[in-house]
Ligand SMILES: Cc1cc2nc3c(=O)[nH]c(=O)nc-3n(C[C@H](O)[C@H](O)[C@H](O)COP(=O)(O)OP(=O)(O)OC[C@H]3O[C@@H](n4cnc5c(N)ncnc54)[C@H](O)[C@@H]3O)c2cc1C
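Take a look at this single chain, the form predicted on its own, given in structure tokens.
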């Protein structure tokens, strides 16, 4: 790394990340600045609002600035991946599902993320969870929150297809003096959290009990895709949308039961620019990675760390979830490898 301690935001992140549209929008740099020099903007990028003190801390937590895959693998797993570990290091894989009808009614696929969080909360393994709710004033716009109850966790069920800067909620974690929280996020969120741990910035890293990573190809711009395309082109009233999903194409399910479809090719123009630089599809540095991968009311689950195994086994023993091993011949497993390769190739071509 460059002499980050002597370089400020303008010479590093603004020049090499934000100005080049590489910014993930995760918000890590904003929350860690000890001088409050940075502000998170509506464009989902950081902005300098007072003179930078050149402490270099923001540089060290950015997932898009001098990211080293081997170094992070050694930090998280104690080794680097083998050539055949296309989607990262892991210990076990399952097809899992929540046992709760209430969860299955509101979840994205198999409800495993929600089930794991509720199980951990009831077991007092955590006292809260960082996740995303939907803004009450702007339909389908995600907003980061610290959920403290089962009801609040349930409100966060379901995938959000525009970006939520979940790391901003770590400020609330610290202010509420949370001791043990789960974190749910996309690959860029998880990468930033790992860099915060490497630093280490213990104020933010110590309360994190475990990380659930969501598989992610990209997210879409809220204003252009959700705010304009869906209402103006598809004639969708955003408040009538019950659920969105991707199964080879984007499916918008309305409360009436009608389903609108958008091809991924058509939606690609609304992809957030920073997403093209991300090489991680399956949240390779999470404790547990979750995704739909073409499954119906089931969740493809990858256990990557001992913490992940502990949380998963706790939910199994308490009958919050059911699970069966993954067949390497299954469509979902083959799709996982395909999407992992595709995203890595796209990032390489964008760099």
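Positions refer to the first chain, counted from 1. In this text the structure is predicted, and so the values were computed from the model without any measurement.
Not pictured, yet referred to below: the form predicted together with the named molecule.
Novice: State the residue from 123, 206, 217, 100 whose non-hydrogen atoms include one within 4.5 Å of the named molecule in the predicted complex.
Specialist: Going through each option in turn, the one that passes is 217.
Novice: Looking at 117, 181, 211, 170 here, can you tell me which has any non-hydrogen atom within 4.5 angstroms of the named molecule in the predicted complex?
Specialist: Result of the distance check: 117.
Novice: Taking the named molecule as it sits in the predicted complex, is residue 88 in contact with it (heavy atom to heavy atom, 4.5 Å or less)?
Specialist: Contact with the named molecule, no.
Novice: Is residue 292 near the named molecule? Define near as a heavy atom within 4.5 Å, in the predicted complex.
Specialist: Although the named molecule is absent here, residue 292 would touch it in the predicted complex, with heavy atoms inside 4.5 Å.
Novice: Indicate whether the named molecule has at least one heavy atom within 4.5 Å of a heavy atom of residue 109 in the predicted complex.
Specialist: Yes, contact at 4.5 Å.
Novice: Does at least one non-hydrogen atom of residue 159 fall within 4.5 angstroms of the named molecule in the predicted complex?
Specialist: Although the named molecule is absent here, residue 159 would touch it in the predicted complex, with heavy atoms inside 4.5 Å.
Novice: Which is the contacting stretch out of 248-256, 73-81, 218-226, 233-241, given heavy atoms within 4.5 Å of the named molecule in the predicted complex?
Specialist: Single hit among the candidates: 218-226.
Novice: Relative to the named molecule in the predicted complex, which residues of 250-286 have a heavy atom no more than 4.5 Å away?
Specialist: The stretch touches the partner through 281 alone.
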